[in-house]
Every structure is written in structure tokens, then in C-alpha cells.
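Taking the form predicted on its own, here's one chain by itself in C-alpha cells.
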Amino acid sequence: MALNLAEALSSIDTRAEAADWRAAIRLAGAGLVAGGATTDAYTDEMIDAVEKHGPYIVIAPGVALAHSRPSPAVLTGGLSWVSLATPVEFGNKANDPVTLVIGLAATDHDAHLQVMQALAGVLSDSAAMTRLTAAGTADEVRAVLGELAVAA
């Protein structure tokens, strides 16, 4: 059974403001912490991963999947959603600027792949992405993702 992203999201922040990519990741990390999925240390690990490996987390035009390796800072699997009021540059020439940062905390590789599969379905649906980009509330984001889960 496919992962229902509407149910998996522990935190949704719409029209958030971030000065740069680090601040955008910090917002996604704060959502993971608020949802009980991680400690603050995991947010630092996500930022460190980009500093070390570059903006590989920008997985599609306008979309970053902020994550790091499973670690003691991951308490349980979780997802956070941060749509940005003003796009930010991550340094990925093909997919910048970013307007959506999804925070991912996975306890193992299989959980990571399950989320990637569910996200691929959403990202490939241009009508859904248009609606998600325009969503101004957490309820609107959950409604669109819930509809996609039912249709899958």
C-alpha cells in the first residue's frame, strides 16, 4: 500500500518566510521537532549534509527534500511541509529557486524509499502541484494530498 502523505505529515507551514536555504531547512527541521520525529540535532545534520554534498536535496523544480542519514537524532519517522512565500536559492542550477521544502526523518532506508515513491507521484502530477503551491492553509495541503492518496 502506498504511503498517504496527508496522514504522514506531522507539520505543515504555508507561506513561510526564510532568508536563505539554511533558514528554509531550519523551518522544515522545526516541523519535525514539533511533530516529535526528531531532535534539534537532526536539523543541524540536514544542513551539514547540504554543506558537505551540495544542493542534491533539490529534487525537482522548486522542491527540496531536506533530510540526512538515520541517526540517534531521529526518534521516529516523520515528514514536515514548508511552502515558502518567497523562493530561496539552494545553489541547484537546474531546479532553483525553491518554494517547497519537505523535511524527511527516516529510521531506515526502506522508509526513505517509501516516501520518495509517494513524493514522485505527487511531483509528477502538475495539476496537483499547482494546487499545492497555491494552498494557503495546512487543511488545503492535506485535502489535496488526501485526494491523491485516494486516487492512487
Partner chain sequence: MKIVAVCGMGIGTSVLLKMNAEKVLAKLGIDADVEAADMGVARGAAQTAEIVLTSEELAEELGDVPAEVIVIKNFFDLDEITEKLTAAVE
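Residue numbers count along the first chain shown, from 1. Just so we're on the same page, rigid core means the largest C-alpha set that superposes within 1.5 Å between forms. Keep in mind it's a predicted model, so treat the numbers as computed, not measured.
The form predicted together with the partner chain is left out here; the points below concern that form.
The single option of 88, 106, 100, 27 touching the partner chain in the predicted complex, heavy atom within 4.5 Å | Answer to the contact question: 106.
Give a yes/no on whether residue 123 approaches the partner chain to within 4.5 Å in the predicted complex, heavy atoms considered.
-> Answer yes; at least one heavy atom of residue 123 falls within 4.5 Å of the partner chain in the predicted complex.
So, in the predicted complex, is residue 38 in contact with the partner chain at a 4.5 angstroms heavy atom limit?
-> Residue 38: no, not in contact with the partner chain in the predicted complex.
Contact label in the predicted complex: residue 43 to the partner chain, heavy atom within 4.5 Å | Taking the distances in the predicted complex, the answer for residue 43 is no, it never comes within 4.5 Å of the partner chain.
Residue 59: heavy atom within 4.5 Å of the partner chain in the predicted complex?
-> Yes.
Identify whether the partner chain in the predicted complex is within 4.5 Å of every residue in the set 49, 95 and 117, based on non-hydrogen atoms.
-> Yes: each residue has a heavy atom within 4.5 Å of the partner.
Could you list which residues of 67-89 come within 4.5 Å of the partner chain in the predicted complex, counting heavy atoms only?
-> Residues within 4.5 Å: 67, 68, 69, 70.
Shift of residue 117 between the shown form and the other one at or above 2 Å (CA, core fit) | Yes.
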